[in-house]
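Given next, in C-alpha cells, is a single chain: the form predicted alone.
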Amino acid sequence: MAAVSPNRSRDHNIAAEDLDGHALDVIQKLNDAGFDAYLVGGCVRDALCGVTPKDFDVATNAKPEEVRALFRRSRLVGRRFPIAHVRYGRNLIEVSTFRQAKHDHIETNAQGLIVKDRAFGDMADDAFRRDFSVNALYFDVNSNEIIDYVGGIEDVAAKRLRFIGDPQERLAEDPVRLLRAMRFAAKLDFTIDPQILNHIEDTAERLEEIPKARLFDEFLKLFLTGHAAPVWLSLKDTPLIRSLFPSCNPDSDLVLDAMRNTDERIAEDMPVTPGFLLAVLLWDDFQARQREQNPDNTPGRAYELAMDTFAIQQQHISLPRRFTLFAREVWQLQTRLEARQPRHINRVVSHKRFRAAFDFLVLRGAHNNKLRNCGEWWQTFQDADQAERKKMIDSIPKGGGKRRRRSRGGKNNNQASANELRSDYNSGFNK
C-alpha cells in the first residue's frame, strides 16, 4: 500500500500510572532487543473513553518466533495468524506482529472468510488490517503519543463504531466482527455505523461457518464481562439470536432478569458461571420438551429425553460438559425446591448446586407469586438456626403428594420402574 502519514497526538488522557506494568515490561524488552513495540487496540480505546482497561495488547515488528525467543514464559497460539502469549503469573500479555495489508497474501474460502493469514508488514499495514477504527490506535509509551492512521481518535470522540474499509467485505472475512460490534457498543455506549447493521441477516447465516468453540468464547465475552443486559437487548430482536440460541425465547423476562443479575454480580465482584446463564437461556425449551413427553415415560426418562435441548444447542455453540452438567443439576433441583418434601430438605440444602438452584428459583419467582413464596421459604430456612429449621420442616403438611399408580405389570414391574427412576435421578447428580 502507498505510504500513509499517521496523525500523532499527545492530546489524550492516558496516564502512565494507569498502564499495565507487565505490558510495559514486554515493550521495554522488545525495545532493548532492537524492535519497535506499542500498546494497541482495546486498551488504548478504553483508556481514551475513561474506562479502565482489563487487557493490554502489544503490537511489534518482531516476528512471533523472535518474541517467543525473548520471553521464557511465552507460547505461540493461533492457526490463522500466529501471535505470542507472554505470561506473568495469572496476567497474560498478547503480543502480535504487524500484519500485511495486501490481500494477495491472505487465504480465504469461497465466501471470503479468512482461513490463513501469515504475511507480516509494518505499522501502517497493520492499522488498515484491524476491524474497527477505534481498535486501530497505537500508543507509544516512549513518546507519549497516540498514533492514528484511520481516524480512530475522531470516532472515539464521536462515540462511533466504524469498520476500516468496506463493511460487507470485512464481515465476509470474519462474521464474528458483528458480535464484537454489538459488545463494544453496549460496553462503551457507542453507536454502530448503519452500513454495518445493513448486513445483519447475511452475517447471521455466515456465523454457521465459525468454529463452535470460538462462538462459545464470544458467548463468554458477550454475557460475562459486565454488560450482558444491554448486549442482550441489542441482540434479541435480530437474526443473530437464531444463529446463537435457536431454542431460546428472546422475549423471556427470565432471560433479561438473569442478564441484569449477572451484570450486578460482576459489578460487585461476585462469582458468575456460564452454566447458570445456559440454564436460563434454555429453560423454556427444556420445559416445553418435558411437557411433550409421552406420559408413560417415567419422570427420570422424560428428563433424559429433554436433554435434547443441549443437543440442539451444541449444533450452534460448543458447550463444555461441565457447564451443561451445571445447568442440568440446576434444572433438576427446581422440582425438589418447589416440592419441599420434609425428608429431602436437608439433602437438597447440602447439594453442591443448591445455591445456584435457589437463585434460579428466585429469578423465576419474580413473575410467579407461588414460586416467590417458595423462594422466601427457602431464604428463611437458610437464615435459620438448626432448631428453627427443624420447626420449619415439621410444620410442612404431611402426605400432600399423589400416590403413585401401580402399573399393570404388578409389584415386580413397579419395583423395576422405581429402580430405573432412582438410577436416572442419581445419574443426573453424580455425573
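One rule holds for the numbers: they count along the sequence shown, beginning at 1. Please read these numbers as outputs of a predicted model, since none were measured by experiment.
The protein also exists as the form predicted in complex with a small molecule; that form is not presented, and the subsequent description refers to it.
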Answer key, the small molecule contact in the model of the complex at 4.5 Å (heavy atoms) among Asp36, Asp55, Glu388, Glu66: the residue is Asp55
Find the only residue in Phe184, Phe245, Phe326, Phe358 having a heavy atom within 4.5 Å of the small molecule in the model of the complex. Phe184
Is the small molecule in the model of the complex near all of Asp174, Arg180 and Lys221, within 4.5 Å of a heavy atom of each? yes
When the small molecule is placed as it is in the model of the complex, which of 263 to 271, 339 to 347, 285 to 293, 129 to 137 ends up with heavy atoms within 4.5 Å of it? 129 to 137
With heavy atoms only and a cut-off of 4.5 Å, decide whether Arg45 touches the small molecule in the model of the complex. yes
At the 4.5 Å heavy atom threshold, is Arg214 in contact with the small molecule in the model of the complex? yes
